[in-house]
Ligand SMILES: Nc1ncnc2c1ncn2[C@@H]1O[C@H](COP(=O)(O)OP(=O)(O)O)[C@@H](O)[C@H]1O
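Have a look below at one chain only, the form predicted on its own, in structure tokens format.
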Amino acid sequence: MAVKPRGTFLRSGKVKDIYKLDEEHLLFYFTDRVSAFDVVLPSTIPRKGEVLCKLSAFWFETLGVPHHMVSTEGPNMMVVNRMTMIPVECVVRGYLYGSLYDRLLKGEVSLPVDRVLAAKLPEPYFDPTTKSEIKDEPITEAEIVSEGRMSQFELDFVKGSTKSIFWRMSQRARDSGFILADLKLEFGRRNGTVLLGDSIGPDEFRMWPADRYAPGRSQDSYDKQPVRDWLTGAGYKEKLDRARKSGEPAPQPPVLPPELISLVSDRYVHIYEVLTGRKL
């Protein structure tokens, strides 16, 4: 039987609802909602919220870095210390894929790597974006400081922490037969200290089976990349890009086919179990 969240409802994000417990604590309710290209889809993915909650808890408990988690409740809820989120999404990429590949082809970034899809980068690449409910956009380190999003000291700390966490998670993935292609982390401030926050799961990374990896083509992913790929193939991303370019509202996204929903749900559960060694 599902456990209802407690506290006072504050707001809904793309995939989780947030409740106020008291002045110092919030409750994250991880739903089965799924978003792609910064749009919430009409379909849900069974057990997705449970995986995001429990895998996030696993990383908070094992990474050895200061974080905001206090405890978990039920299958898909987490109590966290309240903090002020830093308006930057800290992305680190180990492979040339997704928007980084697109920007390289357009000449918007310069990297010491051949223009081969899914090529391994010489070293992890820190690729921050803005944090937006509409569309996250790349932002330079200089802009982060000049716009007051972080001080230079905070940026240096967060950048180093992001790369360190990426390395540790990559080791765990490698031991489990997977490749961590990229990772998005978020941080916040509490009592003058920068803490790791939000969630760390298949919504925040790309994870590829190591035995199927081959540069030069799209990779098989145990995350929400199959959803992005299906929406692209169905023509939705093209329509969305046109609408955003012209300043029009985002078009209504299509309903995902049942077989894709089942595939993604199974892969979320599988990646949780192989990374943690625990049964869901």
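All residue numbers refer to positions in the sequence shown, first residue = 1. Note that the coordinates shown come from a computational prediction; the quantities given were computed from them, not determined experimentally.
This protein has a second form, the form predicted in complex with the named molecule, left out of what is shown; the following refers to that one.
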property	result
Sole residue of Met77, Val158, Leu180, Val80 within 4.5 Å of the named molecule in the predicted bound form, by heavy atom	Val80
The single option of Leu256, Ile271, Val15, Val264 touching the named molecule in the predicted bound form, heavy atom within 4.5 Å	Val15
Partner-facing stretch of 23-31, 214-222, 235-243, 42-50, counted where any non-hydrogen atom is within 4.5 angstroms of the named molecule in the predicted bound form	23-31
The named molecule contact at Pro202 in the predicted bound form, heavy atom, 4.5 Å	no
Touches the named molecule in the predicted bound form: Lys131 (any heavy atom, 4.5 Å)	yes
Val113 within 4.5 Å of the named molecule in the predicted bound form, heavy atoms	no
Non-hydrogen atom contact Ala210 with the named molecule in the predicted bound form at 4.5 angstroms	no
Residues in 49-70 with any heavy atom within 4.5 Å of the named molecule in the predicted bound form	His68
